[in-house]
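Have a look below at one chain only, the form predicted alone, in C-alpha cells format.
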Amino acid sequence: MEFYKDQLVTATIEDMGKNGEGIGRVDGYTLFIKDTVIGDTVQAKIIKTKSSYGYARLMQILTPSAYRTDPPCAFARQCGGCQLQALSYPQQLLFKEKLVRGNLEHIGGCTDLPMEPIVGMDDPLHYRNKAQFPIGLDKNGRIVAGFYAGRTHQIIPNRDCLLGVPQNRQVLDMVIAHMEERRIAPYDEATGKGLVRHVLIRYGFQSGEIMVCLVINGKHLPHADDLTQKLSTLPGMASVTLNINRTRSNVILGEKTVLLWGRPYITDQIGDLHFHISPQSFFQVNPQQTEKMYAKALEYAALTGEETVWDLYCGIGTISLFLARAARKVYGVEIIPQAIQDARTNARLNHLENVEFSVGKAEEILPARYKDDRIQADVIVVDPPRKGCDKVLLDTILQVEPRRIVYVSCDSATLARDVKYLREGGYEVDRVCPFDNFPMTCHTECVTLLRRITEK
C-alpha cells in the first residue's frame, strides 16, 4: 500500500518512542504519532512520509488505551514541556525503565543488566524548584508568559505550570503588571528589540526562599525599585536580580548578573547539607528525588574514609559534599566560575575541609593533573550534561584507573555510549538504578556503577 501526505489512516499504537510519541503500524508501515499512548486505536493524518516510516497527526481517538489518563494540565497537548501527561504514571515509569534498559543493551552492549527498579514519586506534580518563563506578546498585543510550544518559539500562555510551585504565578503576575503599568516591552526575537526576555524563578523547598531573576535585553529595568518593593512583600522572597543578555541567540542567561534587592543567592537543603544557590548555578530541579539519587551514588561509591575521589561536572558541589563526609579527599571540577564560588562557599557552610574545587573543563583539568601531578583516584564520579563525557576525559579516566566509576546521567543514550567505551577499556557495569526526576516528561536520570575488571 502506498502512503502519502494528508492521508487519513487508522492505527493501533504498539510502542512509544524516546520522545514520547506513539508508534503504530499500518500494513507494515511505521508511523510516529504524537499525543498517543500504547494501546490507543486512533485516526491520524499523515504529515510526512519516508521510505519505511512516516509522521502523522492525531485526529481522533477511536478506542482509548487502558493506560490513557486525562492530562491534569489544560495545555498538555500544546505545550512542549510535558510529553507523557496522557499516560498513567505507573506506565510512565515502565516506559522510562524500558528506555534505559534498551539503550544500555543496544547502544552500550550490556547483557544480563543488573538494573534496579526505577525510583518514582508519590506525587509526580509540583516538583520543580526552578522555572524559566519566556516573555512575549500574543496576537492581540498583550504581554504573556508561559512555555514554548513543541519545536517552536511560540509562547503558550501559562503562568501556573503544574510541574512548578504556586509561587511562580504570584511572581509572574507582579512582573507582568509592572510591565503593563510602565509600558515596558517584552523582547522580540525576530527584531532583537524589546527589553524583558525571561523571568527565572527558583524556590527552596526546605527553606521556603524565593529568587527572581529578570533577564533583560539592556542594562536597566525602568522603575525597578517599584517592582522590587512589590516582590519583596511575597513570603519567602530573598533575592531579586537582573541578568543582562543582549545577544541574538537562544541562550537564556547572559554573563552579567546585577543584584537589585536582597541577597545574590537563596539557600536550600539536600538531606542535612545546606547550599547557596545563585541564578546561574546548576542545582537539580527535583530536590526530593535528588536526595534519593545522591544517596544511591554514595552507596555505589562504597567509601570507607580512605579514598581519594574526583567529582567531575560538580556544579555547586552537591555530590562533592555528600562524598566528602565519607572520603579522605574529594576534588570537584566545574566549568562555571560562579558555580565553583558557590561550591567553595557550600563547603565552608557545611564545615567540610577535605574538598577542593577547580574551575575549568573536566576534560582539561583531569588530564593536566594526571600528567603533571600523577594524581590517583580510587573513585571517579561524573555527572555530565546531556551530551555525555568528552572522549579525552574518558581516555584519562581509563589511564587513571579508578577502582569504581559512578556515572550520574540525565540521558541514557549518551550514558550507554560512554559505558560501551569504558567497558572496552576494562570496566564492567555492576549496578544501575534509574530515577524519575522529571515526571510527565521523557527525561530520566540514572546512576550507574562501573568496576574495573582488568589491570595494566
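These numbers come from a predicted model, not from an experiment. From 1 onward, residues are counted along the sequence shown.
Missing here is the form predicted in complex with a small molecule; even so, the following discussion is about that form.
A single residue from the set P114, G80, P385, G236 has any heavy atom within 4.5 angstroms of the small molecule in the predicted complex; that residue is P385. Interface residue among V119, I336, L125, A295, judged by heavy atoms within 4.5 Å of the small molecule in the predicted complex: I336. Residues with any non-hydrogen atom within 4.5 angstroms of the small molecule in the predicted complex fall in just one of 206 to 214, 171 to 179, 102 to 110, 278 to 286: 278 to 286. Residue contact check for P264: none of its heavy atoms lie within 4.5 Å of the small molecule in the predicted complex. In the predicted complex, the small molecule lies within 4.5 Å of some heavy atom of G315.
Residue contact check for P157: none of its heavy atoms lie within 4.5 Å of the small molecule in the predicted complex. At the 4.5 Å threshold, heavy atoms of A362 reach the small molecule in the predicted complex.
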